[in-house]
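The chain below stands alone, shown as structure tokens; this is the form predicted alone.
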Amino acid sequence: MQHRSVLSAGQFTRHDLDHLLALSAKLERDLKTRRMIPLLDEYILATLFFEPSTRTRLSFESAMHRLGGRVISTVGVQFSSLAKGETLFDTLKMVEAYSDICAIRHPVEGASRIAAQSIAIPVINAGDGAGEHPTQALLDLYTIEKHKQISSRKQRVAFIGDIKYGRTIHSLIQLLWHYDTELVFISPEELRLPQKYREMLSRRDIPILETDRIAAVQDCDVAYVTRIQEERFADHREYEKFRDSYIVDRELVECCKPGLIVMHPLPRLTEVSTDIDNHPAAVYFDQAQNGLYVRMALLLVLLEVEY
């Protein structure tokens, strides 16, 4: 890989993805017998989370600790100097002075790209508004590879829920077009896939189906479920209109194709019923754990440390 920063899923080649998947798998295997792999003991990661996060922030910090590195962090605008009126640029220049690499989550789409243009250390986009979430997409791809071997088998992947604002979906489809896939988008009409992503898929001849019928998941190999995101709606009444549009439960899963896996980037609300938590199809907790291995791999690659 020749990347200085990770800003968009669209920047990766198939070669990059093969390398990251293999490195993540090696790290996962080795962590079964070792608590730490101390390769980054001379490095500091800054985590800048100006928007709520649990799994992404903790997995980045855990990844750095498992590699022997150190972490400095700020969580929430109210706990940073941005609350005093400091510009994001000034904050980033301080982060550049104090650390070797940073992960940033920000509610404004494009904030991570601005960060990468402002400072010399590597920047990782940990989610920017309704834009992208490339590291989530990488761990999603790793999960699909582990359970369905997407690198060698054709897969039909269904995305269910908030397709319009779902940044994890926007990133994952840009990785899936490197593989033999068919994509099904299940959402209300008002939350359909943005046109720019539809055009991207068309240019790559990726077959897609757009529908509002949850039954379309029944002949798919992967069901990727997302919550309807209240924070993306300016009008709360619009959110209330869509929030319980789809529910994936045991009854639905048992009507689906054998071998289906159910994924969710979490947190979930009501869209994935707890009655499938112990069902073989449910892989979302494994999916969350995979974030540790993938983010460890990314830190090593961006800091150019061999393993």
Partner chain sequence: MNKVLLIRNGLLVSSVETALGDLLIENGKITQVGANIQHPDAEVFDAAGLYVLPGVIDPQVHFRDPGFPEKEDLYTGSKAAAAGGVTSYFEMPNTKPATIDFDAMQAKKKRAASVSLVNYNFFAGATASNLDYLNTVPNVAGIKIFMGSSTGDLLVADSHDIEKIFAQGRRLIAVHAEDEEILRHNKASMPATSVFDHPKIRSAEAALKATQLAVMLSKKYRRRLHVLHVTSGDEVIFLAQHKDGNISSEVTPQHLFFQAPEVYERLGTFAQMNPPIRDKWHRDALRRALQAGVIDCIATDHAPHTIAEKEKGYPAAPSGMPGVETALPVMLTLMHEGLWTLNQVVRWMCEMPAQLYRVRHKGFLAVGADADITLIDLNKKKTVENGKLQTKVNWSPYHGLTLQGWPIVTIVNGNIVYREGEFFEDIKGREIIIDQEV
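Everything quoted here is computed from the prediction, not taken from an experiment. What we label the rigid core is the largest C-alpha set whose atoms superpose within 1.5 Å from one form to the other. Residue numbers count along the first chain shown, from 1.
If you look for the form predicted in complex with the partner chain, you will not find it shown, but the lines that follow are about it.
K.L.:
Among Lys257, Arg70, His279, Arg268, which has at least one heavy atom within 4.5 Å of the partner chain in the predicted complex?
P.N.:
Contact check passes for Lys257.
K.L.:
Do Tyr43 and the partner chain come within 4.5 Å of each other in the predicted complex, heavy atoms counted?
P.N.:
Tyr43 lies outside the contact set for the partner chain.
K.L.:
Applying a 4.5 Å heavy atom distance criterion, does Ser53 contact the partner chain in the predicted complex?
P.N.:
Contact with the partner chain, no.
K.L.:
Mark Asp249 yes when one of its heavy atoms lies within 4.5 Å of a heavy atom of the partner chain in the predicted complex, and no otherwise.
P.N.:
Residue-level check for Asp249: yes, a contact with the partner chain.
K.L.:
Consider Ile206 of the chain shown here, and say whether it contacts the partner chain in the predicted complex, taking contact as heavy atoms within 4.5 Å.
P.N.:
It does not: once the partner chain is placed as it appears in the predicted complex, Ile206 has no heavy atom within 4.5 Å of it.
K.L.:
Check for me: heavy atom within 4.5 Å of the partner chain in the predicted complex, for each of Asp30, Leu58 and Ser62, yes or no.
P.N.:
No, the candidate spot makes no contact with the partner chain.
K.L.:
Of 146 to 154, 214 to 222, 115 to 123, 162 to 170, which is the one stretch near the partner chain in the predicted complex, taking non-hydrogen atoms within 4.5 angstroms as near?
P.N.:
One stretch meets the cut-off, namely 214 to 222.
K.L.:
For Ser53, decide whether the Cα shift between the shown form and the other one is 2 Å or greater, given a superposition on the rigid core.
P.N.:
Result for Ser53: no, shift under 2 Å.
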